[in-house]
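Shown here is one chain on its own, the form predicted on its own, set out as structure tokens.
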């Protein structure tokens, strides 16, 4: 199960990732997913196409039509676990009821194909009449929730009959047991970094639930087929963005530009970044240290891995990504590839004209932190790394 907010950004590469993720979820046996506001913002038709692609249920009890108050998606689903599929059941099937609630947001409104708008109703109000109905149809009742802890605890405290609430909100993680009466509440973080393993044992009066939180870091080995599938998706994203960049460069050429246009010309504004070649005449010693460092070849790694047009990777391998006059893409701003002087010292367009003015303090370890994060640079330690590029 998934609590929701699994869709990526509404961009070409975001769509590739979202569809790949939903396809993977279906293949590894997901039975249901709740919907978060991020998902709903993509609209009904898009979500319906994802539901068909994944082959599992999308549930949301308090996403309703504005005029009628009726649910837009299935308010719940009941999954029957058979003894044939799960030997531990010992001859008796278990019915798991799954519903989903999103935090109440009175400002949310999204058009739907029916001509009515999708809105979010009060989750507690919906739970009061839906939980008893679902309770009568299942053995184990699970609520998927995208809401703050106070809201989840209020629902569990007010509405009886919920065995388990699995929630995701703002990266919260349940480090210790959380309960409201007999209802277990588990917050599972975000971005797929954690897996909550919930074990359920049927007691004489209620279910006994235990949880184990798995941080899906480097200690878990990669599965070969999954790794190949992810690589295929990343290559598809790279090729999609490369095609867009080439089309942009071609249009620039047709207007009299050049394929290797400087950053300012490609961005259509004043030049703010100069590139390290502009630094070497006055800072030759520092330039040579940089030239011999891995920073000077940082973009080559992306080319080798076919990630040179992947926006999640590019920013840490170029100069001024997403900044005015900074790197746009390898076709339109090739002079700003690699981690150059201005990546740490900032745009230097005004520095040559006024070299005595304060400029260029990198900020020590803080300047490295945006890129040398635990997930992509697990061995980073400032003192050792700085020794390799000290200047």
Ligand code: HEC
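Numbering follows the first chain given and starts at 1. If you're wondering where the values come from, they're calculated on a predicted model, not measured in any experiment.
Absent from the display: the form predicted in complex with the ligand. The rest refers to it.
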Practice task
Report the stretch among 25-33, 352-360, 57-65, 42-50 that approaches the ligand in the model of the complex to within 4.5 Å, counting heavy atoms only.
Solution key: 352-360
Fill in the blank from the handout: Exactly one of 229, 313, 79, 209 comes within 4.5 Å of the ligand in the model of the complex through a heavy atom, and that residue is 313
Problem - Exercise: residue 75 in contact with the ligand in the model of the complex, heavy atom 4.5 Å - result: no
Exercise for the section: Using the partner position in the model of the complex, report whether residue 19 sits within 4.5 Å of the ligand, counting heavy atoms only. Expected result: no
Practice task
Using the partner position in the model of the complex, report whether residue 333 sits within 4.5 Å of the ligand, counting heavy atoms only.
Solution key: no
Handout entry: in the model of the complex, residue 323 touching the ligand (heavy atom, 4.5 Å)
Key = no
Practice task
May I ask whether 100, 140 and 185 each come within 4.5 Å of the ligand in the model of the complex, counting any non-hydrogen atom?
Solution key: no
Handout entry: Heavy atom within 4.5 Å of the ligand in the model of the complex - qualifying residues of 330-360
Key = 339, 340, 341, 342, 343, 344, 345, 348, 351, 352, 355, 356, 359, 360
